[in-house]
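Take a look at this single chain, the form predicted on its own, given in structure tokens.
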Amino acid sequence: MRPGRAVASFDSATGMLRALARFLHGRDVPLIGQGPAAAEAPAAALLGLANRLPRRLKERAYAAGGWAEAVPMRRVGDIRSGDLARWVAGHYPERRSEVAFIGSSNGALVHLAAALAAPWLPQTLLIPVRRHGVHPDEPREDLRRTRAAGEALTAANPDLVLHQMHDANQDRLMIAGMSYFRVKWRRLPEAYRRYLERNLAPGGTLVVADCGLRWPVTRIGPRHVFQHGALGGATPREYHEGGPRVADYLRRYGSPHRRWDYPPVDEESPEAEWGFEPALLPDLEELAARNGWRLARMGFAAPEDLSPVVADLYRAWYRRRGLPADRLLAECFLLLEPYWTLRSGSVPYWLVFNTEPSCAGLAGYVDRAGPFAEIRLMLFSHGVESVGLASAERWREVLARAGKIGVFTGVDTAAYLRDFAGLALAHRELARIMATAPMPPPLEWRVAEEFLAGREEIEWSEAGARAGLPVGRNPSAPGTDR
């Protein structure tokens, strides 16, 4: 099976890969990297019309778009990890760099890599698997229907760990017709090895992006776990015990359930979408030693912990270049635009999702680091009024903190949550900012490393010295329901 057909185009890792790769080729990201700029205007017009459809029609259209991408269950065993790795590496130009990144998916990391003109090789990819007849609020049945497909995938790919994920809160529309198979490399694929040996300069630094977020899971097999729920607006406790917000959500969507029926949890593992699988580290240590590279570990407890760090790094960089550092661009999930961030002289702040915790994090950063003369905000619409969602009004309160301009970028607030046109309009509106700056030469790695190593949000170390020390927080512990 062709890897581009097997990997989801609507996923965080794929969107981040496309955004960074296009930047390193000197290009921006129209239509989230899935089409040419010439197609953006008609696509925006068509999607704008879709925004006016009745709710149920829009939800069906959203779900159908994802279902069309999903892999038929009978073909899952045909997927090969080597093909996936070659597909990833093939996105990037062949060009020497003094630093390269590998590991966890992270939007702030994309901007860090863009500033350094460095590649990032993701450890995790999403394979959507088509299936029928499973109610979104019955994760136990999802596992039962797809268990054999998971066994086929892991049997055919001994270098992968399968994190099957079922999130009826945020992915409700998609999982009506598919299962989320997130795969993580536990051994370094040959295509990654070859790409790094061709492009990472002698004496360079290979940085492991190690997000320590963990989640309760059910162990299905030696390399297969099932994860009920995911990082977002609902807490791990709400996923597993229910509660008033969950019951109200299920009631609003006409579900026969008032809490979720999930397989019993028996351990914790790296979170499916964001967490780093440490089994990959020995291969990276061996590769770095053989090629004379430094291997550094950039550990952070939760995905958004990196956002204020990279935002502050950009602000310091702009000031050294004699540019203002008071234009903030807040991006969401896979809506990323590293090219226009730098051309517009914007400070990037990445939001994991459109939820209350992310909204509070952005507000806190603006209050702490501001004032900002301009704040622009892109929001990803997932089509669901999920638990813990931040309303358009809550986001307006953050924009109101701007000294001069506080605006949504590519967001139709009347259609928010089911605003499909935002996938096209966000880039178009950002590209129209009049005041621009020349594209800078890459930021020096020594400057960036010194800055990163001094931040308390990051555990910076030589990877070999501290491998295996966890930096993640127990998601069921007080203060970690993020």
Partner chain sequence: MGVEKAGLEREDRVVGGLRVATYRRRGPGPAVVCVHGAGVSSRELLPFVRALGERHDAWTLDLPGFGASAKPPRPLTLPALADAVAGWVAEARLDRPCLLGGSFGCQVVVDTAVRHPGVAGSLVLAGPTVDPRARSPWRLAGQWLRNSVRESPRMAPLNVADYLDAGPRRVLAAFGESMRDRIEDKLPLVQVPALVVRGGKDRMVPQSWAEEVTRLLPYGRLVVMDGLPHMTPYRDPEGLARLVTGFLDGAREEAA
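Residue numbers count along the first chain shown, from 1. This one's a predicted model, so the numbers in the text were calculated from it and none came from an experiment.
Separately, the form predicted in complex with its partner chain exists; it is not shown, and the next lines address it.
Please pick out the stretch from 370-378, 226-234, 278-286, 110-118 that is in contact with its partner chain in the predicted complex, where contact means heavy atoms within 4.5 Å. Stretch 370-378 is the one.
Verify the contact flag for K404: yes if a non-hydrogen atom of it lies within 4.5 Å of a non-hydrogen atom of its partner chain in the predicted complex, no if not. The answer is yes: K404 has a heavy atom within 4.5 Å of its partner chain.
A37: heavy atom within 4.5 Å of its partner chain in the predicted complex? Looking in the predicted complex, residue contacts with its partner chain do not include A37, since no heavy atom lies within 4.5 Å.
Although its partner chain is absent from this view, report whether R187 comes within 4.5 Å of it in the predicted complex, heavy atoms only. It does not: once its partner chain is placed as it appears in the predicted complex, R187 has no heavy atom within 4.5 Å of it.
Counting only non-hydrogen atoms and a 4.5 angstroms cut-off, does R432 reach its partner chain in the predicted complex? Yes - in the predicted complex, heavy atoms of R432 and its partner chain come within 4.5 Å of each other.
I need to confirm a contact call. Of R219, R396, H257, R343, which residue comes within 4.5 Å of its partner chain in the predicted complex, counting heavy atoms only? By the 4.5 Å criterion, the partner-contacting residue is R396.
Among R327, R214, R130, H382, which has any heavy atom within 4.5 Å of its partner chain in the predicted complex? Contact check passes for R327.
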